[in-house]
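Only one chain is given next, in structure tokens, and it is the form predicted on its own.
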Amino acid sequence: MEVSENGKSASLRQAFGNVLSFFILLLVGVLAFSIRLFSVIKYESVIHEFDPYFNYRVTQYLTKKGIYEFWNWFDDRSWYPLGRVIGGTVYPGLTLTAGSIWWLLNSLNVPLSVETVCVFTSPIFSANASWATYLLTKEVKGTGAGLTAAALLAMVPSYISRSVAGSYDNEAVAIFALIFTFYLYLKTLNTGSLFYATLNALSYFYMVCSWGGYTFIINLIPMHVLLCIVTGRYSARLYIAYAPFVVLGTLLASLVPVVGFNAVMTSEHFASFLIFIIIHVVAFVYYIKGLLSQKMFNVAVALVVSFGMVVCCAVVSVLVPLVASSPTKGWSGRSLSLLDPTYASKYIPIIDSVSEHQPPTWPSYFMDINVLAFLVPAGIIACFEPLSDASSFVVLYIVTSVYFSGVMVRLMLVLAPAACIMSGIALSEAFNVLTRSVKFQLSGVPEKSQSGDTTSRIAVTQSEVVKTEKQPPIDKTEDTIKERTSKKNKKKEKEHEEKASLKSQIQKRLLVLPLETSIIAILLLVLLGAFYVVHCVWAAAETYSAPSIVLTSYSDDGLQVFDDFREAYAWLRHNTEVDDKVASWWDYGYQTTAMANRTVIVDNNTWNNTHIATVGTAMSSPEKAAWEIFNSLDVKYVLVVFGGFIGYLGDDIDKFLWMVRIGGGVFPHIKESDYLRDDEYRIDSQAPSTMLNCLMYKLSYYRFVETDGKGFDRARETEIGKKYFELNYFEEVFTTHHWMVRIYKLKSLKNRIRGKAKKSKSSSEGSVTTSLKRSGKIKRNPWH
């Protein structure tokens, strides 16, 4: 009777715990969504940054034209005169997701615009990512750790920076796909279910569609499989978790046009195929071990190893010439930059020029993950007590993500989920110990009888565990392979697991801290959590919610809004012809195409380094040479961003040396040393003449002296070197209110006499020109 009552109370507690967990997860999802709405509340519902404008433009095309037109779309408004095949060069996951949401809402008579759906896609998927984090962490350390990790991820600033409302970028949905793929892998690893293995491959397919960071998954999972094999943790569950994932995942990945045969032809994927061969060899060895005697087994192992060596040599003989034929040995430029942090600065300056590809500083870790940086080591230690296949995977995840985030600040985004998982495990384990200590001290110390009963129960259980340990251990791996469907074997395995868990419960019961220490530690952890919440809310509201398209600053006069970018794009849209070409640095290509609806020469896709180098060379050249380059590209307008008037850092003058480096990498006559004075970048009177006479300098500082009479650059905090000059080949047509965006038009050449008439008049024209020069009526251009 007492046993049945205990069973009912346990089931009631479990049901209540499940309901409570559900409501906590619901609140976590609401928190993840709402904390990302500061950008809409404080500013307006607008697309942020640069890349999201291209994604928004593509989504508009998808919803208007349909999926088939989208796959075959040739965009003639970018990369003129080359153009771009959108369907074959874009990761379609984000676009298809937002397009599907828009279609579903309109089918339900919810008439939201495409822009509104795009703005709120990121907050929606941040809630999904929090729930996926709960599922993943639950597979490692239980429900408590999962709920804590989900709450931490909902607020972590590193993820907020890429998922605020309006940040319509690939990472918004890719982080959810990354975490969910890892969860399904661990679920398959813990259960051995082929159903979850299939879902894992489908989730990986969605990740491939969403972001180029899918290569992290296809390398991390093989690394974990190899770790399990080397440490003697191979099982049939490991095989089921990996083999279908590689086969189905690779086949599905090759269906994505932007990936295609790269799924089997590039070095980023070779590790998965190598481990695929190794796990089959190991599986075959374990299989024949149960069928043969020891002597025959040794002979068979020798044959299998020999055959495996032959296969490996054949594979290597095919791959080595293939890899050696590639200048980058089959690796992409970004992958090589991660493996060798100095590679991009040596060979691919276009990658090195992107600010988010730079290594992070130590303060950025505290800014983006805050107190989680101090909790991660405790979480790693907790994963080793006891060490399981799932906990070893998250340890490998945090170690690799720490390295990659140290190479490229953009990959702090990959570190954030791992840090939240480890911190959730650490906090959960700490609260378990502390609350258990408080409960034991309050309930067990005053009552001797209860204490005696507890002690006797512990003693009895310890004796059972000792007996269990004296019994020969069950070889789970061998039994699983031999007779997986055997009920007797499953029963033994279950009893062994129950006794092992009973032993761990006894060890936890013996770990009891003093009452005062436990209470103080709980208060400190609560204070730490409160500090984390305050920091995350501040980062979401003040640091990561401001859209880059609209800038703000606070002064004595109050809040100032700088809406110069939209002002400039509106001027282009209303005052230029539809087929006019606009040249600018590649950072502003996506925005110009989406907001001004004008053709650009280069944009943020950066797929053609020579084209970008041509624009960089034009900006680095004297005015006449730059005019000739732009005129050859049919450019009619040139757009530059200038922050010297309001003190805006990150304008084209700040980026100018990257234009020089990228241009010089293709056109050797452009040398960075010509633009420096004693290896120092200057714009004042000490700047070299090459710098003072280049097109970028002239377009940025033309008429700038008229603003204050001195030409003081507030961004660089110095007075410019050349103040008074005229433009001979370009004319200013528009400058925004705060001088942040300046637009110039190429002057057209005067009509020239061509053919025989020109030759016949050459001598007479030469004599006239000479006489005019002597009389002083024709002046030489002093800037060339």
Partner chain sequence: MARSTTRDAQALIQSLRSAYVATPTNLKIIDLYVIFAISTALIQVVYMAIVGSFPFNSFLSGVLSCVGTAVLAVCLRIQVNKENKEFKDLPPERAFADFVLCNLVLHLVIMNFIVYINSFIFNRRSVSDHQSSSVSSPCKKTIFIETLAIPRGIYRLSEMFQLAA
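Computed from a predicted model, the values in this text were never measured in an experiment. Numbering follows the first chain given and starts at 1.
Separately, the form predicted in complex with its partner chain exists; it is not shown, and the next lines address it.
Its partner chain in the model of the complex: contacting segment from 687 to 695, 632 to 640, 407 to 415, 293 to 301, heavy atom within 4.5 Å: Within 4.5 Å of the partner lies stretch 293 to 301.
Contact residue in the model of the complex, from Lys187, His357, Lys138, Arg237 (heavy atom within 4.5 Å of its partner chain): None of the others qualify; the residue that does is Arg237.
Heavy atom within 4.5 Å of its partner chain in the model of the complex - the one residue of Ala271, Val264, Cys312, Val114 that qualifies: Going through each option in turn, the one that passes is Val264.
Touches its partner chain in the model of the complex: Asn72 (any heavy atom, 4.5 Å): Flag for Asn72 set to yes.
Partner proximity in the model of the complex: Gly142 to its partner chain, non-hydrogen atom cutoff 4.5 Å: No.
Contact test in the model of the complex: Arg566 vs its partner chain, heavy atoms, 4.5 Å: Although its partner chain is absent here, Arg566 would stay clear of it in the model of the complex, with no heavy atoms inside 4.5 Å.
Contact test in the model of the complex: Ile646 vs its partner chain, heavy atoms, 4.5 Å: Because no heavy atom of Ile646 falls inside 4.5 Å of its partner chain in the model of the complex, the answer is no.
Residues within 4.5 Å of its partner chain in the model of the complex, restricted to 196 to 215 and counted by heavy atom: Read in sequence order, the residues that approach its partner chain (within 4.5 Å, in the model of the complex) are Thr198, Leu202.
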